[in-house]
Ligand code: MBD
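A lone chain, given as structure tokens: the form predicted on its own.
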Amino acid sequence: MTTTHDSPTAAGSGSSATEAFRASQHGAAAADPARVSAIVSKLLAGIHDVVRDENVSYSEFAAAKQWLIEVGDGGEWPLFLDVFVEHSVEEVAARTQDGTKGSILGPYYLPDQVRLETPATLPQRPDEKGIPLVFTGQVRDTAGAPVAHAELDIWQADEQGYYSGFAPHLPDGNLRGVVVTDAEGRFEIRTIQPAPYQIPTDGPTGKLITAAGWHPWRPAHLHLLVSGSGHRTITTQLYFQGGEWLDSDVAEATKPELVLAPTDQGDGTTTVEYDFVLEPA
């Protein structure tokens, strides 16, 4: 018998993402007032230009105000900003970064997951569905030297596109872990191939997507934070060649350099390989 689950609600996902974000910002430095003034002034000027250029009416303004209120009430600001804005912030950061290409963090990261020595199998249910996936590679520095005992903080959706911590039917920590490489920076991670997923559409973000005639889908991917002593941490995502939505990711976060080429081993297992390059901190 096939078990089905209700999709996580936008409100539930938003609440979890908000809680995780607030925890990550504990002790964050205060913003420079001059930078706040410059950025907010330009942001407001851009909004004013849209209002004038598009001849926005009072009824449209009221609809926008109501939508903004609903996004806040529904706890969806992390979802909205991570999907529609973060990729631009990441592009700016990449201008001064070397090494492996980065991508967005997204709203589904949860810190403090179980540490695993390579070769590792990500925590999963005894009856975890999906195509077995073996992910291997090496972490090196920009000079080509191995980064010993680097850490790969990895998380992913399951075979139905759900993330643990954001879907009530999944156990905490499912398909999440921090994998420590060996002395040569090499790693082997056994998991399952993730599925594409759609961002929650029952809240105000979903209403906007529907009203604009966009689709809500993200291609299948692995999330990673890759770090090593004395090196800058990389935030990135790895995608799968031939997968759906690669060319129309709703979050606009895909990059050709981050697309894996899966190999079918003939026994039902798929393998992928990717090497990470970390720059000095």
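Just so we're clear, the structure is a prediction, and the values are computed from it rather than from any experiment. The numbering used is simple: start at 1 and walk along the sequence shown.
The form predicted together with the named molecule exists for this protein as well; it is not shown, and the discussion that follows is about that form.
- Residues placing heavy atoms within 4.5 Å of the named molecule in the model of the complex fall in a single listed stretch, namely 75 to 83, out of 169 to 177, 75 to 83, 114 to 122, 182 to 190.
- Heavy atoms of Q237 reach within 4.5 Å of the named molecule in the model of the complex, making it an interface residue.
- Taking non-hydrogen atoms only, P107 approaches the named molecule to within 4.5 angstroms in the model of the complex.
- With a 4.5 Å cutoff on heavy atoms, H223 counts as touching the named molecule in the model of the complex.
- At the 4.5 Å threshold, heavy atoms of Y197 reach the named molecule in the model of the complex.
- Scanning 158 to 173 for heavy atoms within 4.5 Å of the named molecule in the model of the complex gives just one residue, Y163.
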